Ligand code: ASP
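Just the one chain here, the form predicted on its own, laid out as structure tokens.
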């Protein structure tokens, strides 16, 4: 018997107050609404949650508004290095790629790793060799680099620090790491996360996004989770799995588990970021320790909602 579908997506957590004074606010809302509508159409048609989260993250990666795929932030050498991961809650299969360049849609390469099945994560040159084997779509370096990201890197270097791409170091406030979680009409959960990482990060740095249990997690018995924020803090707290454990061991719903996870993040490492969650009953929720989290959701086939705070 078909069950109501649910979908939630995010485009990053951080200090987003300035967006209300910029033309960019409407761009983000329109983008989130369009992706939710596209995801709804596929879920309503009976597509698998795994396919839908990959599809939604593809759309986010293709939009230069976000720090993933086209428009990814730049590392200390002015280069794009991207991470992505995807997980199927039905059987805990997962795939991830780290430190990849030229790959148009890193989340789709992560999906290929999942489907191939021998490994969970491939990195750098090994991941690129696998991409050639899979005939993954590639683009020249220029495709990924935007003027806004170049200015942002210069501001971060001038400040002598690494930053989230939406911190108030640069005058241009763009949003970050993207993710999607879905529950399909068969009750299966899936989650996906993709990112360009931190502005001015060290060459070769890998954050939480491609690490199963840190930046992404999905289990039909508990929930699906996608995270965004300072990756090192999410790695230290294994946050996505921690949220799942609150459901498994404490019997929490999506809202309680998301908030408990963020409370734990702050308590243990003063962490900055957010999570989106769909639990095994299809309930959607989000929580963050930052002042904002751009996200949108459709709960149990209902109306679509978008929120920047």
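Positions refer to the first chain, counted from 1. Everything quoted here is computed from the prediction, not taken from an experiment.
The form predicted together with aspartic acid (ASP) exists for this protein as well; it is not shown, and the discussion that follows is about that form.
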Q.
Please pick out the stretch from 91-99, 133-141, 230-238, 105-113 that is in contact with aspartic acid (ASP) in the model of the complex, where contact means heavy atoms within 4.5 Å.
A. 230-238
(Q) Please determine whether residue 224 contacts aspartic acid (ASP) in the model of the complex, using a 4.5 Å cut-off between heavy atoms. (A) no
Q) Applying a 4.5 Å heavy atom distance criterion, does residue 127 contact aspartic acid (ASP) in the model of the complex? A) no
Q. Is residue 207 a contact residue for aspartic acid (ASP) in the model of the complex, using a 4.5 Å heavy atom cut-off?
A. yes
Q: Look up in the model of the complex whether residue 122 has a non-hydrogen atom within 4.5 angstroms of aspartic acid (ASP), and give yes or no.
A: no
Q.
Where, within 89-106, is there a heavy atom within 4.5 Å of aspartic acid (ASP) in the model of the complex? Residue list please.
A. none
